[in-house]
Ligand code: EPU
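Quick heads-up: it's one chain on its own, the form predicted on its own, in structure tokens.
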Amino acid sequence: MTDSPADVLLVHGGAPLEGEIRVRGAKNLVPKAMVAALLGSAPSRLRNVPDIRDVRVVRGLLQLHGVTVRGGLGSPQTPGEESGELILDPSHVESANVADIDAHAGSSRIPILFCGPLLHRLGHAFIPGLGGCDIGGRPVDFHFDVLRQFGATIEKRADGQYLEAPQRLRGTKIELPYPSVGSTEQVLLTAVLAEGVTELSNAAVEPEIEDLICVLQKMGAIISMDTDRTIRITGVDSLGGYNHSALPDRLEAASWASAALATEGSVYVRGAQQKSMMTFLNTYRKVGGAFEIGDEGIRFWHPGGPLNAIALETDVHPGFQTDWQQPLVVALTQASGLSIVHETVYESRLGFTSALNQMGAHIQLYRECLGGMPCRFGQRNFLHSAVVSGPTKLQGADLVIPDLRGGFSYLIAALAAQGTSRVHGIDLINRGYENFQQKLVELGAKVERP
């Protein structure tokens, strides 16, 4: 391995996680709410902001475009500000240097969501090549098709996409082929200032989407949600700022819950909320996990005795979220019997299981749709179903993190295993888990940098 020591973590497994940690604002909401501030004519105040890399990337991109960003991911900078609070002032939005955008964005996919706001504010935008976690196809072409429907013109060049709005963008009628979160966000951030009404069918309705709609409504947008996944946006001439506390990160909360289960521990997740986690909580209970819901958080623990094998199918909200799947699969390696996992959201998300098998797990992957209704990947040669046979004893190993949630799952496996694991590419986890190493230490995990 050629990693720098700073990108490697030694995990000495075999000890249960015990104690309390806190989750702050959702990774899948906070960066998008920051982008929304571009649309306003007045400053916005965003609270409960986690110190994660995606937030830092968006902060830098906003600053490149002339947005003044105050407040802190660390300590407050001025009296009256809180830790985890950002003040975003878009009074002087300007074009950014193409090379600076490309360098700062790195592998992040978030710049695609800058398109609509920048077209409204400047009449043009630039988007570099996009990256993100390698968990399956996440085509960006649909984003550009949507923007063309609003009236944007797009030119593809060697260094990225150049977009222009020769005149005010116009509302349109859009039907998503799949309820994609990113595409729904793109439509919302573009439609709120477009002329006329935009109707979006088959929209994503995740809690983070609802929270983004709350942000936009606070700014002066007119947005309605129907029960059939239809969102209607009536464009307005201008938007103001917002004052908003981001909803807690239900995906991080579930990761810690799965870690408690896999290590036979007990973790109180301050900030976790029942409403956004109801589907996860039902599944957690079926597996044999225990939880207690309080006003300020949820305590998750392994109550003793064998865990139960289950059949699990991921789906868009209100189904079982795909980001909950990978951490829970680690716990399923300790359940008695055969568990079936059918991944219907990302076709390549089960690739992380090969490393678990090297640690002693028994997981077989299949191209067929197992344990549920046929999905869009069923006839396309993707290994998107898994059969997990347990319980199996896990042994420490050398692990290379493949993606954000898979990476945290490797940490859980290393914590549950006997012996020491060397986890490479650990910095990727900073994309979505705030101070994860410090939290591990607070929960009694034996981890160290080499």
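Quick note: we count residues from 1 along the sequence shown, nothing fancier. Nothing here was measured: the structure is a model prediction, and the numbers come from that model.
Below, we refer to the form predicted in complex with the named molecule, which is not included among the displayed structures.
Student: When you measure heavy atoms, are 22, 244 and 273 every one within 4.5 angstroms of the named molecule in the predicted bound form?
Tutor: Answer is no for this spot.
Student: Counting any non-hydrogen atom inside 4.5 Å, which residue from 101, 277, 110, 219 sits next to the named molecule in the predicted bound form?
Tutor: Only one listed residue qualifies here, and that residue is 110.
Student: Among 376, 362, 229, 148, which has any heavy atom within 4.5 Å of the named molecule in the predicted bound form?
Tutor: Only one option qualifies, and that one is 376.
Student: Hey, in the predicted bound form, is residue 181 touching the named molecule, heavy atoms inside 4.5 Å?
Tutor: Yes - in the predicted bound form, heavy atoms of residue 181 and the named molecule come within 4.5 Å of each other.
Student: Any of the heavy atoms of residue 142 lying within 4.5 Å of the named molecule in the predicted bound form?
Tutor: So residue 142 counts as contacting the named molecule.
Student: When the contact criterion is heavy atoms within 4.5 Å, does residue 342 count as touching the named molecule in the predicted bound form?
Tutor: Residue 342: no, not in contact with the named molecule in the predicted bound form.
Student: Looking in the predicted bound form, any heavy atom of residue 28 within 4.5 Å of the named molecule?
Tutor: Judged by the heavy-atom cut-off of 4.5 Å, residue 28 is in contact with the named molecule in the predicted bound form.
Student: Would you point out which of 384-392, 400-408, 57-65, 417-425 contains residues with a non-hydrogen atom within 4.5 Å of the named molecule in the predicted bound form?
Tutor: Contact criterion met by 400-408 only.
Student: Could you run down 296-324 and flag each residue that has a heavy atom within 4.5 Å of the named molecule in the predicted bound form?
Tutor: 321, 322, 323, in sequence order.
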